[in-house]
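Next up: a single chain in C-alpha cells, the form predicted on its own.
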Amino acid sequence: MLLLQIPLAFYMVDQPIGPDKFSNYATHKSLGLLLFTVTALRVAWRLTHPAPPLPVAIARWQRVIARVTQVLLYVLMLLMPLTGLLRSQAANFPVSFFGLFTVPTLVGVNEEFSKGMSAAHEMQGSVLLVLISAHALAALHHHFFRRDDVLRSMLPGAGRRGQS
C-alpha cells in the first residue's frame, strides 16, 4: 500500500484543483486509513509472533539499527494516517473510507492546527521514504553481498527457515 500511497501523494499535491484532485485525495485518505488498520493488526500479530532471529554473524550495532528502523517504520505507518486525518478534519474536510462511511471527527476546525498537522505529515513522509530506502537497501545488501537469508526471511511464508 505504501508503494501506492507515496507516488499518489506526490502526484495529487501538484494537480490543479478539480474533481480528479479531490478523487485522488479521497483515495489517498482511504488507503491511509486502510494502511493504519493493517499496520495496527500487523503490530498486534508481531507482539505475539516474534520475527525470525537475524544471523549470528551480524554485528550487534547492525542488529540495533535494524530494530530501531523496524520500530520507526511501524510508528510512522501508524502516525502518518493520524496526522493526515487530523489535518483534514481541522481543515474542515471530512474523511470517508472508500465512500462507505465518514470517520468520526476527532478535532474541531482549526487552521493553525491543520497547518501543523500538514507539516508533521510531510516531515513524516520524508523520514518514511528514507527509512524505506534504507530498509530495502539493507535487505538487498544481505541478499546479494552477504548472501544470507535475511531477505528471504522477510517474505510471506518464510517463517523461521533458512537462518544463516
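The first residue of the shown sequence is 1; numbering continues from there. On a predicted model such as this, the values are computed, not experimentally measured, just so you know.
The protein also exists as the form predicted together with ligand HEM; that form is not presented, and the subsequent description refers to it.
- Not displayed here, ligand HEM is kept clear of residue 154 by more than 4.5 Å at the level of heavy atoms in the model of the complex.
- At a distance threshold of 4.5 angstroms between non-hydrogen atoms, residue 144 is out of contact with ligand HEM in the model of the complex.
- For the chain shown alone, residue 66 is not a contact residue for ligand HEM in the model of the complex, no non-hydrogen atom being within 4.5 angstroms.
- Although the partner is absent here, residue 85 lies within 4.5 Å of ligand HEM in the model of the complex, judged by heavy atoms.
- Across the options 57-65, 134-142, 117-125, 44-52, residues that bring heavy atoms within 4.5 Å of ligand HEM in the model of the complex belong to 117-125.
- Residues are counted as partner-facing when one of their heavy atoms sits within 4.5 Å of ligand HEM in the model of the complex; in 4-36 these are 5, 6, 9, 10, 12, 13, 25, 28, 29, 32, 33, 35, in sequence order.
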